[in-house]
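One chain follows as structure tokens, the form predicted on its own.
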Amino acid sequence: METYEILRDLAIIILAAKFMGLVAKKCKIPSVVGEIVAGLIIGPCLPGLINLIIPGVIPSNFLSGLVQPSDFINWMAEIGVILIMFSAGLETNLKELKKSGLQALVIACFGVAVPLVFGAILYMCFHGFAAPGTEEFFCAAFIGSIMTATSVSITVESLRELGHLQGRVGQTILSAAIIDDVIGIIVLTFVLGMKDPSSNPGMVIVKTVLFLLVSFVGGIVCYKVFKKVDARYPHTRRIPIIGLGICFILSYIAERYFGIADITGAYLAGIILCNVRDASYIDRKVSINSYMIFAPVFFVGIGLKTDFSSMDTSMLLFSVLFVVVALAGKIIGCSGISKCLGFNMPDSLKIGIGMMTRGEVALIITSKGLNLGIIDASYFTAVILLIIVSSVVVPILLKAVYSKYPDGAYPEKKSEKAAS
């Protein structure tokens, strides 16, 4: 690809992403959905879909779209996803995690386990039940891992608008979603470690645990050194530059020496630095690069890779069931265990609904699977549909449940009042 073609593609991607992101916000949908749609429009997906419905209506020289997937875009997107996960780690509130205690941890574990199992069973219902260790079993586990991630941003904004973010339920949802992402990344790390059919599951566990231990020990040393540098040179450019360097180094070590996804290293790098004084300053500076160019390239790149030409009745049915199962998995897992932990039924339902949203992490996991050849591009359809549906449905359901059952107003009390 010539240099001027790269510049043209970047211009189209950035402008299309910004425009469709604004349109999505106007429609009360996350901007990332708009950016993905931008990729569908400017890439080969839309012309191919139109040509599939009405054969011959699109000239053959226009079927490739305005922008085509390329190695350059893929590498830019990879940097984008690393920066997104680094920012997610920087925004993690470890003190809030400690406050939430055992309840949020248990809710998060069930919020990961139930969708993981449901997703694997759904895949095997379509492709046949496979024994552990086989390629089909691995693909089923990967589909389940896509369902594990919770995107709390939509829920947080909805709870903030309703005035319930600081309540017990709101804080439980927030903490459980943060822990959910951590566990989801660990699950992804383990699942990807099993990609090689000849790999020993025990070795995968050893490598994962070893990397976490190395990250923990190295993180403590890195944090103490960085804290001193931050105290001596606060709010200087060298602080985010060093932070970004740590992010890339840990991403490289994870992938190169432990066979673990680079995004795991990026996320842990963010967690290591999340308690330094200038964590928010680092996040702001990193987010400028991410927001301006790398993240839009990542999300638009998903749209560019999405292929509806292979969509058939079976895949359409799978996509619909994928959405239903993913949403039901969070409701059953999170609401069920919340009830067992002492929450009343309305509050348990609020927690389950609040944990249903999916977003960037689900896309990141899916993109990783596509790049590694685990799944094909047609599965992006199911994931994008899940993100759109959950982003629209969750705020509506939360408002409805909170309107009927405000915090502290329980059905038992209402019935007692009516009886008196």
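All residue numbers are counted from 1 along the displayed sequence. Values in this document were obtained by computation on a predicted structure and should not be read as measured data.
What comes next is about the form predicted together with another copy of the chain, which is not displayed.
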Touches another copy of the chain in the predicted complex: residue 248 (any heavy atom, 4.5 Å): yes
Distance check, residue 227 to another copy of the chain in the predicted complex, heavy atom within 4.5 Å: no
In the predicted complex, residue 82 touching another copy of the chain (heavy atom, 4.5 Å): yes
Non-hydrogen atom contact residue 277 with another copy of the chain in the predicted complex at 4.5 angstroms: no
Listed range touching another copy of the chain, judged in the predicted complex by heavy atoms within 4.5 Å, from 268-276, 326-334, 285-293, 208-216: 285-293
Single option in 244, 187, 130, 106 placed near another copy of the chain in the predicted complex, where near means a heavy atom within 4.5 Å: 244
Residues of 5-28 having any heavy atom within 4.5 Å of another copy of the chain in the predicted complex, listed in sequence order: 5, 6, 7, 8, 10, 11, 14, 15, 18, 22
